[in-house]
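Next comes just one chain, in structure tokens: the form predicted on its own.
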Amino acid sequence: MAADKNVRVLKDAPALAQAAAEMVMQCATAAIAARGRFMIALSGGSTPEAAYEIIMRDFATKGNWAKWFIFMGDERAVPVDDPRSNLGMAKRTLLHGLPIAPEQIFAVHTELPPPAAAADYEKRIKDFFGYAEPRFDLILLGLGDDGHTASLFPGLSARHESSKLVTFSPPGTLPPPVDRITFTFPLINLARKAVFLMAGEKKKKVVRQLLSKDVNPELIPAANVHPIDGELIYMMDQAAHG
């Protein structure tokens, strides 16, 4: 693995979730102190889910929740009450008990056809940031066994989108087999901090590929994440690191 990567290895999945939760809260505190608000894009997946549960459990009384603005880095084209919904998972684990107003949560309008939902989400992101560059303070990312991140899959055109901030994609090879709405690499790479959360021995092979100095970004789309003026962090447990 490349030695110059910003890699943080935790003992196991629970330790990774704890460290991720603490990192999110630290990032929120710093962003609010510096700019008066915290813009975060959440990810689906089991590791973020565990981190969200820890934030709800340990930090519910400690966050400046009125200053949080929550987006989804990608979403499945299903209703929010569908078990496959990323926002639905975030609501069940994190958002249900926090004093975060509905207008601070930016849901993808999945009732629209995916192309329209993507265009609508991009417009709302641009409207939120106004004339400022759409820089999220923190974008959480996962890593699929096929090398995808967000919903930017190998072999599909969304990974090559260069002008839009949000696009849509048909399903990849991994479940669930539903259409997606996703941040593009141009938007992800504007982040002040982009953090991959990766756990489990099944991830070891693809993590090794991602962190290799000669990784092929065509085969491993996640390798296209390189914040222009921000920090890239890979957080994983020992099993994923190998």
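It should be emphasised that the depicted structure is a prediction, and the values quoted were computed from it without experimental measurement. Note that residue numbering begins at 1 and tracks the sequence as displayed.
From this point on, the text means the form predicted together with a small molecule, which you will not see here.
Contact between Thr167 and the small molecule in the predicted complex is not found at the 4.5 Å heavy atom cutoff. Of the heavy atoms in Thr173, none are within 4.5 Å of the small molecule in the predicted complex. Taking the partner from the other structure, the small molecule in the predicted complex has a heavy atom within 4.5 Å of a heavy atom of Leu143. Within 4.5 Å of some heavy atom of the small molecule in the predicted complex lies at least one heavy atom of Gly44. Contact with the small molecule in the predicted complex, defined as any heavy atom within 4.5 Å, is confined among 61-69, 45-53, 204-212, 187-195 to 45-53.
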